[in-house]
Ligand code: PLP
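Let's start with one chain on its own, the form predicted alone, as structure tokens.
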Amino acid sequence: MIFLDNASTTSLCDKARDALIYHLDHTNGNPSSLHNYGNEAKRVIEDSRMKIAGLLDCSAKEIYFTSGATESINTVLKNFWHAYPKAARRILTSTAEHSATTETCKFLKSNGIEVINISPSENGRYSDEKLREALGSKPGLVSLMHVNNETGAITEPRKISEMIKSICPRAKLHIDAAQSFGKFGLSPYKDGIDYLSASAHKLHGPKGVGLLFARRNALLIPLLHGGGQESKLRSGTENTAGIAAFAEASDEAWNWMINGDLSHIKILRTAFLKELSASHSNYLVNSPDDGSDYILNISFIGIRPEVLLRCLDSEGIYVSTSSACSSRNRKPSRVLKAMGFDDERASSAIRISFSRYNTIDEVTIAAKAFVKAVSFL
């Protein structure tokens, strides 16, 4: 098996797997219980919180564990105007966001919140002119993705934050970091981020665990009410084993990032494209040159992507047509359409996404399988 759909999910790294199994077996107490068994579970959670806070260079009190980035995004977007009732009932986002944001914004719009959408250019970036114009409407909240989940296009949080400070300083900035957490250096304070969402399973941690960073002066209202866990923000008994595994996966991801993970990923991407180019296959690269090397979006014009996926699947090679959350939707890619590509190109796109555990041999074999399948189809 050659798995090149790592933007959808990743395999568990050894440290995360070991932590998950150990705490499933040994740390079964309820973290809210006052006896030693419960206290031990609580200690594991707080140690994990401190470890992740250290990686983000923030306070442990600013890290809240959730079920994943989708819940974190919903928590911020849906409850922002309860936390800030005097803020402009206006959110600035983009037409190229993950469905967790776009669908939440549809809900907000139906509840009286004005949604301002900006669209990227063909390089996946937002022009300064468009950003300044949109920020001129004085939104209460700005929510943008750091690394686009379909194309790998990068938005610079620090640049957005500086614009916010100069144009609408009362607005708060939320960053969806699901595709960048543990892959690119992020520092909420240095980058001017008020809220940040991430998922464990995107960086070789377990599914069903994520986090929400909220700057100490940024207010939050719970999405879930009940026992008051997670400093009264997220009620429900905590997933102790999953949280511990998330912390270990984060720690390992940061170590890889510091020690050359990005250069390895760039080598994989280059090797894949080199093999395609050598075959003179008729393909178009939709990902920007200055985007994340982890994600490569290409179109084979005239070939239905779901048919190509079946051919690759039969060879034990796994890629995706778009975001995993919308891969069963056969409409043209919403993100590619937002970038200005036509229906034909947006309807024939394939997403290849790499992991630090992929090898050059794997991507070379996969590229050759692409060439074989395309020539057959």
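Note that residue numbering begins at 1 and tracks the sequence as displayed. Note that the structure is predicted; figures quoted are calculated from it, not measured.
Omitted here: the form predicted together with ligand PLP. The next part is about that form.
A heavy atom within 4.5 Å of ligand PLP in the model of the complex is found for exactly one of A69, L56, V319, V44: A69. Checking L211, A153, A245, M145 for any heavy atom within 4.5 Å of ligand PLP in the model of the complex turns up a single hit: M145.
Judged by heavy atoms within 4.5 Å of ligand PLP in the model of the complex, the contact stretch among the candidates 252-260, 201-209, 215-223, 121-129 is 201-209.
Taking non-hydrogen atoms only, N149 approaches ligand PLP to within 4.5 angstroms in the model of the complex. In the model of the complex, L196 stays away from ligand PLP, with no heavy atom inside 4.5 Å. Among heavy atoms of V76, none comes within 4.5 Å of ligand PLP in the model of the complex. Ligand PLP in the model of the complex comes within 4.5 Å of a heavy atom belonging to H98. Of all the residues from 170-185, those having a non-hydrogen atom no more than 4.5 Å from ligand PLP in the model of the complex are D176, A178, Q179.
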